[in-house]
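Quick heads-up: it's one chain on its own, the form predicted on its own, in structure tokens.
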């Protein structure tokens, strides 16, 4: 490795008197791939926001290529050669892929400064680099999350970025999409781009980076090789002997939870087909105390079924019954009133309301309970928000602060608290632990286990197959809109789930990410 591509020294930042960064040093060499890990609230997001120009530090210096810089905006960072790929991409959905790549530097007719008809060669080359040239003229709104992330990479690559920051890039991606993203990252490394890779999926580090920087409570507390054992990384993040006990937590629940599979299921669907044709003739039963995973590739229909069960999609045919009674949940609000809780997979688009406080976010679903006479009971609202935020380990300086001021993982935990606020009989979860640190995941798994022990049924959609194998009692596997197999508790493993997803007949296994055509 040669000279430093980015050098941060003594970076400090505080919000409302609460220190988020305390004299952080981070050096990223040219051509280096470095991981950045820590629990939610450790300061990772604040640090990368400083490096990417989204925040100005209160103290400290930032050097790029050896030169001291003051970054006043993300655009300024891009001009200095620093590109960022966020978990929630800030693309313009109504523009095409190539228009997003060129946004802010559109080609113009010489002398007149009018937009030119054609696109720039480097923009097309960047889309070809990430494998999305065929989608150049498609609107971003029609593309998958993985494809939108590739566009964000192409936008930074087209500007000649020497440094690329990845912020939880695989949090909601399938294994196929993740594998393809790793291939693109390897191309970036081969081209000499320095990488700063932020993730809570510790098993990814060995595939992507050389070294790992660990943060805790706004400080850098260690640097380890990417080959370090996951237990060692977690211990360093937590700052104590506390380690990840996911297997023990789930195993204990499996031993202690008693289910009567002969009893009437809490949720039953018969011959279900949706209005968009995403799934067909699906029969599904979920019993009290049971976690049933819906597993499949992005176009399998598994996620579409989960959203339809939660009232976010429309049924064309079939019957749904909740506790034996016919269920007509045509909207998420109706589903909530009927006893179905829903944790959406895309918190930016389907979960967080930007103008809401943490308290408002947590109690939103329970407003009918908190205002039975039409007037909101503020004392009850505050009590509920404190209790649920505490149970879900939401880290916030104040429950009155904006929800968007929290880290992504803490936003996710606040949304999970909102899901629990109505004591639902059925909980529908899409990627419930996306962007959540290991300790937070353990807490969420424990909350799901507690809900099951009190008789709730859980329907889980997760792109993390390890998570599925850990917390599910059964996995129902989808292929092209239909159920093709079911794995019981003793059959659940990552390898078995992957095989069930991909091996559905001759020529059906996928080895590359499906891209827009």
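Numbering follows the first chain given and starts at 1. Computed from a prediction, not measured in an experiment: that's the story for all the values here.
Note that the form predicted together with a small molecule isn't included here; everything after this is about it.
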* **Which of 126-134, 409-417, 96-104, 281-289 lines the interface with the small molecule in the predicted complex (heavy atom within 4.5 Å)** => 409-417
* in the predicted complex, the one of 467, 473, 32, 39 near the small molecule [non-hydrogen atom within 4.5 angstroms] -> 39
* Answer option from 53, 43, 57, 481, heavy atom within 4.5 Å of the small molecule in the predicted complex -> 43
* Taking heavy atoms and a 4.5 Å cut-off, does residue 168 contact the small molecule in the predicted complex? -> yes
* Decide whether residue 20 counts as a contact residue for the small molecule in the predicted complex under a heavy atom distance cut-off of 4.5 Å. => yes
* Asked: Does the 4.5 Å heavy atom contact test between residue 86 and the small molecule in the predicted complex come out positive?
  -> no
* Asked: Within a 4.5 Å heavy atom cut-off, is residue 200 in contact with the small molecule in the predicted complex?
  -> yes
